[in-house]
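Below you will find one chain, with nothing else, as structure tokens; this is the form predicted alone, and questions on how it binds or moves follow later.
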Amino acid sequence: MDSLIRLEGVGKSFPQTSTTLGRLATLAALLRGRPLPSAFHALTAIDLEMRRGESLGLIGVNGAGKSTLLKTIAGIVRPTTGHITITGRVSALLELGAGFHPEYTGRQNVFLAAALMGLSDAEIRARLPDILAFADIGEHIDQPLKHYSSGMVVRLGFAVATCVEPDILITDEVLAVGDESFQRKCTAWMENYLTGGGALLLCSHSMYHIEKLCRRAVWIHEGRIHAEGEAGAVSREYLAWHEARMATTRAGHVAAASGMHAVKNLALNGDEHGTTVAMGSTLEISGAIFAPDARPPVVGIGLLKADGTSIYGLSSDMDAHVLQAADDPQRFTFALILPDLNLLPGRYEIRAHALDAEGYRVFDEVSCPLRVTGQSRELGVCQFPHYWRHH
């Protein structure tokens, strides 16, 4: 496949100053071609290649450098370091409506924007019916743009941009604006564009759109490429990191006071530090509970996402299972087997709770990390057996 985009060691730095003296020093450095005295490094050492027919998703938190990278590729921002090679025609949907004149009507803005994209007057007139049909703003097309709602401006901007079928389409959060019907229309257009051999570079906070429209994904973190690979795998790693980041910091083991029930030696498949298992394999959750009253305690098991969201839970008394004492009359062991683990790939947490013999009072809690690997484009946390039939 032909290479359309190639980035080699690309970096972008912006001057960072708040004083008059600092601004003068920055200006002097720019005029002399010297390094900036104080700078914010938005991008650092970006190596990236995109080939014809590929679809690449760009993900990361706000401020990570995604928009700067897109603007650099689109030629709007000049890189400070490195080289960019672009082959083919580029259409960038970075700020829909940018370049429109508020005093002009929607129709006049269509001719203006399309002309800036390189279309002749005859080409614009030939494509005008399709543009107006896609925008679907009715009689407002002949009203001044300053009277448009933000949603109407977005509709018109996307409609104009799609009248040109480029080799490379660059989009930044286009699917995050507009109503649901407009988002569906945009998604359908992008799918047809990809089917026709177009190359898509999509920046989005929606992992659904990343996995639906992109085969590969790049995770940008603090101006660097943190992860790159298959879209589903990268987005799951990003979501797991994001969920863990947002979760309340908690200790893995809540120490039990003297004389209280306590969870001991919690292990996943025999490993007390956690484990990694393949989707569909068997998981064994084992451990012991110290019960000072020597009565068989109840153990509760919880399965959670990385951010602490509960997925599934049960306790030994639900299944009328009685824990047995080991070599110590106050130590009761347990082992819960989960065959054919139907969790989708991602990061999870297993928690074990020590309860009294009646199963009413919780004394202790211990957690253990679990990672599930595999390939799946399904969404959510669980995989359900299913099949399709003709209706």
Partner chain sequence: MKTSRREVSTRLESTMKAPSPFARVAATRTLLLGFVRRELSNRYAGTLLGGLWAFGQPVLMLAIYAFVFRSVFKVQLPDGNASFVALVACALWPWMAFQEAVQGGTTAITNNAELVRKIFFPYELLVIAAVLANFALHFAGFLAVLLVLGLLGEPLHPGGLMVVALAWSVTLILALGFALITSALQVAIKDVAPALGPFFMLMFYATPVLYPLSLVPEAIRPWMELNPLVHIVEPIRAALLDGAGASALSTLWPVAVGAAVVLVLARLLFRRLSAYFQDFL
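This one's a predicted model, so the numbers in the text were calculated from it and none came from an experiment. Numbering follows the first chain given and starts at 1. Here, rigid core means the biggest group of C-alpha atoms that superpose within 1.5 Å across both forms.
The following text describes the form predicted in complex with the partner chain, which does not appear among the structures shown.
Complete contact of Asn342, Arg377 and His390 with the partner chain in the predicted bound form (any heavy atom, 4.5 Å): Not a single listed residue reaches the partner chain in the predicted bound form, so no.
Interface stretch in the predicted bound form with the partner chain - options 319-327, 344-352, 53-61, 25-33, non-hydrogen atom within 4.5 Å: Contact-bearing stretch, as computed: 25-33.
Contact residue in the predicted bound form, chosen from Leu304, Ala240, Leu119, Leu283 - any heavy atom within 4.5 Å of the partner chain: Of the listed residues, the single hit is Leu119.
Selected contact from Gly300, Gly308, Gly82, Pro296, since only one has a non-hydrogen atom within 4.5 angstroms of the partner chain in the predicted bound form: By the 4.5 Å criterion, the partner-contacting residue is Gly82.
Residue contact check: Gly313 to the partner chain in the predicted bound form, 4.5 Å heavy atom: Gly313: no, not in contact with the partner chain in the predicted bound form.
Partner contact for Pro144 in the predicted bound form: the partner chain, 4.5 angstroms, heavy atom: No, Pro144 stays farther than 4.5 Å from the partner chain in the predicted bound form.
Distance check, Gly274 to the partner chain in the predicted bound form, heavy atom within 4.5 Å: Although the partner chain is absent here, Gly274 would stay clear of it in the predicted bound form, with no heavy atoms inside 4.5 Å.
Residue contact check: Pro292 to the partner chain in the predicted bound form, 4.5 Å heavy atom: No, no contact at 4.5 Å.
Neighbours of the partner chain in the predicted bound form among 66-87 [non-hydrogen atom within 4.5 angstroms]: Counting only heavy atoms within 4.5 Å of the partner chain in the predicted bound form, the contacting residues of 66-87 are Lys71, Thr72, Ala74, Gly75, Ile76, Val77, Arg78, Pro79, Thr80, Thr81, Gly82, His83, Ile84, Thr85, Ile86.
Threshold 2 Å Cα movement between the shown form and the other one for Met117, core superposed: Moves: yes, 2 Å or greater.
Yes/no, Lys146 Cα shift of 2 Å or more between the shown form and the other one with rigid core fixed: It does, since the Lys146 C-alpha is displaced 2 Å or more between the shown form and the other one after the core fit.
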